[in-house]
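Quick setup: one chain, the form predicted alone, written in structure tokens, and binding and motion questions come after.
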Amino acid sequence: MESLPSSSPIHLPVPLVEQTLLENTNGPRPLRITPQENVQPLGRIRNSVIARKVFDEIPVSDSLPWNRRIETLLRNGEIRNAILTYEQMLLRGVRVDRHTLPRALATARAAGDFPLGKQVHGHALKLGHASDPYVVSSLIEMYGSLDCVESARWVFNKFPVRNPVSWSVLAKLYLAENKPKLAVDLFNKMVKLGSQIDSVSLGTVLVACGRMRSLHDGRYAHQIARKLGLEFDIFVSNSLLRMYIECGSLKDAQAFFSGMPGKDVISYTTLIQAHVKMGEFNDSLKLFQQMVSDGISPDPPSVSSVLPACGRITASKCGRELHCHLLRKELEFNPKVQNALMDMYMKSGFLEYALKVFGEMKEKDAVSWTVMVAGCSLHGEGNLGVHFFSGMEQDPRVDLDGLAYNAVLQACASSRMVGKGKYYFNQIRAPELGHCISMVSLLASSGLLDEATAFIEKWKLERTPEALRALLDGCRIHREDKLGKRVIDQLCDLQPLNPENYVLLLNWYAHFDKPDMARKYREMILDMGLKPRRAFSWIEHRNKVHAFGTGDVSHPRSQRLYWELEQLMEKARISADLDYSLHDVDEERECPLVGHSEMLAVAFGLVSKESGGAIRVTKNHRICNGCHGALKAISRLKGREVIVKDTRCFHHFRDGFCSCEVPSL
């Protein structure tokens, strides 16, 4: 049917339901419903030849085609025409039945027209369908959506005929108003009264339990599901999984998942998301592989859920394989999947792949732009990150939020663009902590240490460890050891149980030839039972991850690795510039440069991957100054790109230069 022009409004002059709200401070305000003597049409349809022809073709003796037409119009979003069709039913004397009224109420709800909904309620009363369970459920939903949940509760209490749908609809309205406790209480009342409970009722109460983080109520609902034989209904099972996860009991979720006789892609995706959120990336990848081996085809949500687990150099192959799977299966590349792909490529060291995905996107949202800006800064391409932010500013469909500004400030910091950074910071109406820390990082890394210190004082960040560590990074880069010592002392006061702070301190004393003080802090670390993180580096080769520790000789090829490094050091005439005054690793200070974990991992890559491709290494600490200089020389001597990801950023070593643009760390 052709839509009528919006200039001809529908008039509803005959009110069939009058609602009187009585003041009552002790509870919800009841409704008084007064039906008129006769059912009247809702209004007058415009004198349209096309509209008349369409309606004339529908038989007046049968309500079924009229009901189907209203449902079709609703599904297609033609709300106005759905209202007109219902009006014509009344004008032409078509019998309005119990199937028509829920559709009419849904139309009122979709139109946001509460008076229309009340008039349809009047029709239900006059025609004797007001006690029909499906009509009652539709009335509850209409009142809850267009008026308030108290009105919906009044309708619920008014009619004694209740089915699981009406209970569930009311419970969902409580959830919509963020009142999960009332939804749980409603479910408990259902159980107490012996009402019929179906899978939707259970699923709704499990959502409420998850919102409340109430494991006790969730386990009670699980017990009811088991008693009714609905525990392994796939909808209930997935709701139980989600409830246990939201209540913080991943152990219960895993145990239940293992016992599920039937699992679908939602089951796997729910558990994968939980493992990714907990940082258990290997477990999430194993689950994904198990899902595929069980014959369940991944869909876009499952792929986008597992991609963050591939955002590591050692898991990058899995991410690329997932991308290929999407292409082979011709699955939908919606913005969420594409954003996850870009994020995965950025975090696993493939900036060029992320750029390619971004370039192929037809629709870019705020997340798309922000991922690119933040990713470029992570790879030392701050200028490119600022370029993308400029594109984001010019996109009228995108609103700049706090995350976007934080990303561009990080981009400015990575390329030391002080003027740009100050400009963007001043554009933020209410700077948050992350924005301030990024500004400290920008000023400190650019050598403006006095200005960074003044900024910390102005914004009262003296007791913020992240801000102090950003200042410490600047001290490390620009060899401001005295200021660095003061910052380390502040960190020790703020975080007395963080062993890395004391390692920084003992290394500072060792660097300035004060072995007694260094020994004192080493003993203090032992006496306090603190365990500093050992330095490790990882490299992937032929589907296997090889891990190296400082001074590691356990690898079968250790002798060859040390020999290779010594030859390179000699060729490049590299001096072991071991500046540990501000380094957070103790064990590396006593170890020759060739024994550092990242050097061993790079050497393994050189002797194992002779094809000329990039060597990709991950380290769990900051790369030290000596290794930074050595890897620049190695990249020039071997003509190979070496990519090392430390806790701060990616270092792309090419032709004797590093993407971080810092001559010495």
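Since the structure is predicted, the reported quantities are computational estimates derived from the model, not experimental observations. All residue numbers are counted from 1 along the displayed sequence.
Just so it is clear, the following notes concern the form predicted in complex with the DNA, a form of the same protein that is not shown.
In the predicted bound form, at least one heavy atom of residue 270 sits within 4.5 Å of the DNA.
Put simply, residue 235 is close to the DNA in the predicted bound form: some heavy atom of it is within 4.5 Å.
Not displayed here, the DNA is kept clear of residue 499 by more than 4.5 Å at the level of heavy atoms in the predicted bound form. At the 4.5 Å threshold, heavy atoms of residue 159 stay clear of the DNA in the predicted bound form, well away from it. When the DNA is considered in the predicted bound form, only one residue from 118, 546, 312, 420 comes within 4.5 Å through any heavy atom, namely 312. Taking 220, 459, 563, 134 one by one, only a single residue has any non-hydrogen atom within 4.5 Å of the DNA in the predicted bound form, and it is 134. Residue heavy atoms within 4.5 Å of the DNA in the predicted bound form occur in exactly one stretch of 336-344, 182-190, 423-431, 119-127, and that stretch is 336-344.
Contact residues in stretch 165-200 (any heavy atom within 4.5 Å of the DNA, taken in the predicted bound form) are 165, 168, 169, 172, 198, 199, 200.
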